[in-house]
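Presented as structure tokens, the chain that follows is alone, the form predicted alone.
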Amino acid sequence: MNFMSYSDMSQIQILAFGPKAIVINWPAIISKDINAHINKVNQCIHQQFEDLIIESVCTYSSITIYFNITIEPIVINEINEHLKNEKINLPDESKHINWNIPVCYDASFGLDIEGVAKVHSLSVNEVIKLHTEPLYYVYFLGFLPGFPYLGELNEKLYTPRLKTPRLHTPKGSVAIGDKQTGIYPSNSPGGWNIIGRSPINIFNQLESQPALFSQGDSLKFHAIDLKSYESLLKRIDKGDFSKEELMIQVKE
């Protein structure tokens, strides 16, 4: 089976990025097909050059790969030939998970939810409904360790980032920035519009796999009230909660 999911190979560029790194660029658009192809290419390159790679960083439309050796032109040419000849036939060995993430949209957490509603001439309940309807796709993790960039947000909720970013955005904040939505995995400065908060720990550096989400996973939000939030938070703090409770299903 051929897992090439992006057909226009002429628009993919491979460039040197300093002496020990390369960057592979796809068209700069948000596309699940492109993102899935990025994931496959990343897997393939790791398989081909496993002992030489320090890490790779994926975005919506690129991969930057850092090596532990100086990259010779022959390496770039070899990767380019793989792409041109459509040799990315590697099956996706990762199991992508559908997550069901609870969010409390109470005004005490959703600091900007009334502002978002006002901008779009919606009620707060309509904002919550529109935000919880989609099954979001995890395009990549970035900005902060474990921060998921999710798509596709309903266009009725597209909201510009704050003109002045906050110095403190609480851990678990669920927010909207332009056409994107995501969850802050830790306390951080931030410029996105906060509309709620999840009690779920989505990043734990003490675990073997620190980030809860992986590129290619899916995620659906569901609304909970303040009492349910506090009850769930107590369970999490006591260690009486398993991430398996959040899984909707596993895609083979």
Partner chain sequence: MIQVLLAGVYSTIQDLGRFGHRNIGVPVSGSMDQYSAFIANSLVGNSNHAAVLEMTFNGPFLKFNKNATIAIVGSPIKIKLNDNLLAQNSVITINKGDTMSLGTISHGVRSYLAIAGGFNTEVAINSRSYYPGITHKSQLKKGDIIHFNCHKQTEILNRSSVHLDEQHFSNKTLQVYPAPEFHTLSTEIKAKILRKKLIVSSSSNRMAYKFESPITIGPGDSINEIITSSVQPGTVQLTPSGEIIVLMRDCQTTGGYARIFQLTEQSINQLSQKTTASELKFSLVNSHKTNNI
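Residue numbers count along the first chain shown, from 1. As the structure is a computational prediction, the values presented were derived from the model and not from experiment.
One more form of this protein exists, namely the form predicted in complex with the partner chain; it is left out here, but the text below deals with it.
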| query | finding |
| --- | --- |
| Heavy atom within 4.5 Å of the partner chain in the predicted complex - the one residue of P160, P165, G115, P145 that qualifies | P145 |
| Contact residue in the predicted complex, chosen from S61, S218, Q43, N201 - any heavy atom within 4.5 Å of the partner chain | S61 |
| Exercise: Y137 in contact with the partner chain in the predicted complex, heavy atom 4.5 Å | no |
| Proximity of A16 to the partner chain in the predicted complex, heavy atoms at 4.5 Å | yes |
| Touches the partner chain in the predicted complex: A211 (any heavy atom, 4.5 Å) | yes |
| Contact of I76 with the partner chain in the predicted complex (heavy atom, 4.5 Å) | yes |
| Triplet S56, E72 and Q205 all within 4.5 Å of the partner chain in the predicted complex via a heavy atom | yes |
| Residues within stretch 104 to 133 having a non-hydrogen atom within 4.5 Å of the partner chain in the predicted complex | none |
